[in-house]
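Here you get one chain, nothing else, as structure tokens; it is the form predicted on its own.
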Amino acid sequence: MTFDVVYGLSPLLVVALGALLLMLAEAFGKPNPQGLAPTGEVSDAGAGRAGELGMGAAVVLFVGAALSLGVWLAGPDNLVGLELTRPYLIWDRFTVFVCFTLCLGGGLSCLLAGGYLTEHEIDRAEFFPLVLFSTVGAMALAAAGELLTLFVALETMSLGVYALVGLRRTPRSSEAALKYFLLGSFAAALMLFGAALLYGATGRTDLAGIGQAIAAIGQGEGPGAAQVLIALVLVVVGLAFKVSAVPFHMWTPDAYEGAPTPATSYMAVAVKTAAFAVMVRVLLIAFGDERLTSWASGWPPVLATLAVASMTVANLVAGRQSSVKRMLAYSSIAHAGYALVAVVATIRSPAAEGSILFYLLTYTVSTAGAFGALILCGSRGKEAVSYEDLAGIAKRHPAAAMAFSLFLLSLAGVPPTAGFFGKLYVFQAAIDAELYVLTVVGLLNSLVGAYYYLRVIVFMYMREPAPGATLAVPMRSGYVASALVIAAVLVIALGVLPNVTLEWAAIATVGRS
């Protein structure tokens, strides 16, 4: 390998190497007696070391984000030999932008875990190698230009996340992990069947080659149209499961609620970002033929239906939740619907791909911050779970309430936060694509979604705790506070000065067949 190739792939290589080193550090290190439960029971070598391992994992991921920025500034097209990784890994600006977002979201989740696992005496230091290995899979998934790479990367990402959901080892956590694993395996099997059909029909496994073969249908050669359409349906269903679009969302609320909150944060930002990245690449390269991007016989009306269902169902159900964590789970489903609007707009609007990337970045910092603020609002034995738990917390801990309010306003799309511009550019791309009905539905759902975000703020600032109710007591953690500061700065910066990031997102497009 030349230096250019190593440098170009450095974000992926650094995270992979960091995962191996952290696994060794977790396995062969010495337990920290001061960080153990009062019983002093030692479960493994990583016991009581969540803080230091969390910091190590966060540093590795932030270095990966910094290297992604460096590769972006150098220009992947200018790095000699980097094209040799094709078609297995397509390392273009689209991939680099997604890798930056993945590393940023993963790093924030590790900082949150460094404080959360210690505070709640969950001596499961394997959390951090699992996050790093899952991030490697997510980065490879975003870069996948070939069906075999796509499947291996998808499973690498997913297996680690399945384990993260069951990390707490309670009945609820185990049930959530099992449900996620079974449904995830079923969705992966559907994608694998779709891939097998595509290979059988086209004789190709690379996305560009599949796209060229599909373009030849009806010209005296090429695969059968029926076989391709069946494969398209199977692939779309598998990807819809990964982005938790309605009606393939049933695993999401249980998995998000049963997992430790930092794991929930990681699932919400990293898994969704990688899934949307590979969805865009597969649909635009492998299924980018004009007949498959038409409203008569293609995937746009299917995704538009999923978008409307995801936004509407999730927002209506989220408003009826009593658990804040479960509300945020349904919120993530609604945000998947907004992002799907931009995916549909890619058929007509050149700006749609950039709006997807910018939206995923703003969603990442806002969601990681929201879950981080929820973590900060509750300590061991006195966690903030329901709306009632948060009643009056603004008087007891104004900093935690202020942080939570900022991230909720960003998720609601209130200016001048990052979330406002994320939604603005998505809907602008939809208007450019003449998807007026979809835009109106998205705007109406944004108004509905604002209700349950503002409801949390009302409880924090305008409600008093019920007499005799258990009060959530905010925790003290430098790791959680650091994550919140980073997320808050980015939410404000992307809201006040979005132009530079949006310009970068606009040129980070996938190559089409």
Partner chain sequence: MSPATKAVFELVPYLLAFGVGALIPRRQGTLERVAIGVVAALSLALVRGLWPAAADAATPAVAPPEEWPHLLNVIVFVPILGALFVLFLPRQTPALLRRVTMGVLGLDLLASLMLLRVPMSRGWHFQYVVDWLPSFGIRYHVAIDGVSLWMVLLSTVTTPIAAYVSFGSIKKRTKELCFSILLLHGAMLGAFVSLDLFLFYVFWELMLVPMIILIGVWGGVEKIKAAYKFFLYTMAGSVLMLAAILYLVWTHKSLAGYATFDYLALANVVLPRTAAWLCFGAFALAFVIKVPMFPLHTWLPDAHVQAPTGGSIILAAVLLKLGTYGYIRFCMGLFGGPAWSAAANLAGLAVGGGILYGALVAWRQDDIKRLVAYSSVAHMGFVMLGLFSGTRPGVEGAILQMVNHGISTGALFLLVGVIYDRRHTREVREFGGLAKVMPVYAAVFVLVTMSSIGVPGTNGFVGEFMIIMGTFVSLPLGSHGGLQAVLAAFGVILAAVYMLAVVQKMFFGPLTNPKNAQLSDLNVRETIALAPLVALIFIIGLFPSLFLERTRDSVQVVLERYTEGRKSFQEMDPSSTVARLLPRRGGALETGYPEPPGQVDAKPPDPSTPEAEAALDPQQGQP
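Residue numbers count along the first chain shown, from 1. Every value quoted in this text rests on a predicted model; they were computed, and no experiment measured them.
As for the form predicted in complex with the partner chain, it is not shown, yet the points below apply to it.
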{"item": "The partner chain contact in the predicted complex: M462, any heavy atom under 4.5 Å", "value": "yes"}
{"item": "The partner chain contact at P415 in the predicted complex, heavy atom, 4.5 Å", "value": "yes"}
{"item": "Distance check, W72 to the partner chain in the predicted complex, heavy atom within 4.5 Å", "value": "no"}
{"item": "Any non-hydrogen atom of L409 within 4.5 angstroms of the partner chain in the predicted complex", "value": "yes"}
{"item": "The partner chain: the contacting residue among V302, L443, A216, V437 in the predicted complex [heavy atom, 4.5 Å]", "value": "L443"}
{"item": "Option touching the partner chain, based on a heavy atom within 4.5 Å in the predicted complex, out of R320, K395, R380, R291", "value": "K395"}
{"item": "All of A65, F94 and F97 with a heavy atom within 4.5 Å of the partner chain in the predicted complex", "value": "no"}
{"item": "Which of 76-84, 310-318, 424-432, 111-119 sits within 4.5 Å of the partner chain in the predicted complex, heavy atom basis", "value": "424-432"}
